[in-house]
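Only one chain is included here, represented as structure tokens and corresponding to the form predicted alone.
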């Protein structure tokens, strides 16, 4: 019987009494595993070997998981720091505890999101408490990390770690599962017969080359069969994040409604972020516990002197014959302080004042879909950074009815037709109202935005003498209404599921 050289080598390495793995055959024949796999399937088709398959699963720590196995989980470090700061007796400012813990960047978010969940204490209004009776030594995830760090890659049932703990570590990206198909080969009776009868190596060619074509030899050689059913290595390509896809869809909708897009800095002066919005400088939202200030540089070099004077006057004295202002401290140096913007309304003040692109004549419509940063407590609907859909319309004689109609038209583009409105207070808009939508799976009302008509005290210093209606909507909350997500962290941050991101299609 004539067979290709690779098949002859494999057939001679297999035996009828004991199954041999493909990897073992590759080592015995000194052929690449993929060549052996192809030869095995071809021999199986000829009835010379029998192939059995099984799927083996293994688990192993990721690099992040190994780092936490060495240094401790972020929530444990936060708990130890909280105890050291006295949070076991009374609430302590969260910033103080985070600084003592040495946590930085994403580790802070991870610690805060798991701290209360595991019963180590509570976080409320920028303060943290610690339960002195909590037992970090009994933390199942921490103990599992230690076990898996010592074990290395292993089968799930080979270690004493509960399935729930394994799933928790996997969802946090600290553990990864791997599946491999193990193929074992056994010689059949026909294979034994053919081996005893003797095999001849048939010269075959596995690839068409330019030389074969130009010389004409291709007509005389025997080509190896190509197995289109053979397994191939799987490559996971990149994909645009569902959040980014939806952001682009939002931009398309707003451009279609006649809006132009705004651009501006993520780091800006408090003057543009808050002072121009008629936000008093002693407002609680402007404390260092609620904003992310910059350490270097700390202040902006220049601001428009005339505009500073007009904004200060509005704060101190008010605007118009009935205006009173706040009668509260106002400091130009505080206005020059730099911070990560807490809302993209800083872009609106830059544009409305004419500072960004020059004076804008009504009617005009502008929007942005950009990131903002807030020192919030993490929960299913709040993150430290998220995307805000900012927008405003400048025109004569605008009303709340115009604003509500704009929202109804916008959200209808995403299949959302049950928007509800609730009166609200903002320092910079009057009247003001919040927007709510019904969650498609829980039926609960979810706050999705804030809006209103800009006050005269805000517009007059900016040089605007007509009505401006404006809003700030949450892009992530829009996704919750569109797809039924119950937790923002399912789509944003370190805990999101990559398979979900690969497979979820944007709804149009």
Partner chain sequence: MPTVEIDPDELRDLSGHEEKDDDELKDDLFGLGLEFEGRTEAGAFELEFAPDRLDRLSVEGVARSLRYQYGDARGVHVPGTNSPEWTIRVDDSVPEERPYVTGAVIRDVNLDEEGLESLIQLQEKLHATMGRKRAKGAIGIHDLTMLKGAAVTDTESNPTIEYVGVEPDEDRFVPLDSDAELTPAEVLEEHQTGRTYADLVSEYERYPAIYDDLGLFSFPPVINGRRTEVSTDSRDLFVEMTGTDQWTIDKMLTIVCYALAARGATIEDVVVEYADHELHRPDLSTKTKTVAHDRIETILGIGLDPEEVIDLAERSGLDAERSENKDGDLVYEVTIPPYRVDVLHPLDVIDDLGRAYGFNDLEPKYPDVGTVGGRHERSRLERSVREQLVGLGFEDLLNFHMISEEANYERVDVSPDAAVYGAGKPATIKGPYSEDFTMLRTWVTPSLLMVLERNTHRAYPQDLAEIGFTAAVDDGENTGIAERRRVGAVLASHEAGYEDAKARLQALCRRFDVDLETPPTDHPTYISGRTASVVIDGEDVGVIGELHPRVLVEHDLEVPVAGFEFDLAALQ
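None of the values given here were measured: they were computed from a predicted structure. Numbering follows the first chain given and starts at 1.
Below, we refer to the form predicted in complex with the partner chain, which is not included among the displayed structures.
Annotated contact segment (heavy atom within 4.5 Å of the partner chain in the predicted complex): 292 to 300, selected among 215 to 223, 292 to 300, 193 to 201, 176 to 184.
Proximity of residue 370 to the partner chain in the predicted complex: non-hydrogen atoms within 4.5 Å are present. The closest heavy atom approach of residue 210 to the partner chain in the predicted complex falls outside 4.5 Å. With a 4.5 Å cutoff on heavy atoms, residue 12 does not count as touching the partner chain in the predicted complex; it lies far away. When the partner chain is considered in the predicted complex, residue 17 lies well away from it, no heavy atom lying within 4.5 Å. Proximity to the partner chain in the predicted complex, defined as a heavy atom within 4.5 Å, holds among 306, 135, 397, 229 only for 397. With the partner omitted here, the residue from 116, 98, 383, 92 that has a non-hydrogen atom within 4.5 angstroms of the partner chain in the predicted complex is 383. For the three residues 32, 47 and 106, a heavy atom within 4.5 Å of the partner chain turns up in the predicted complex in no case. Contacts between 229 to 262 and the partner chain, taken as any heavy atom within 4.5 Å in the predicted complex, involve 236, 237, 238, 239, 240, 241, 243, 244, 248, 251, 252, 255, 257, 258, 259, 260, 261, 262.
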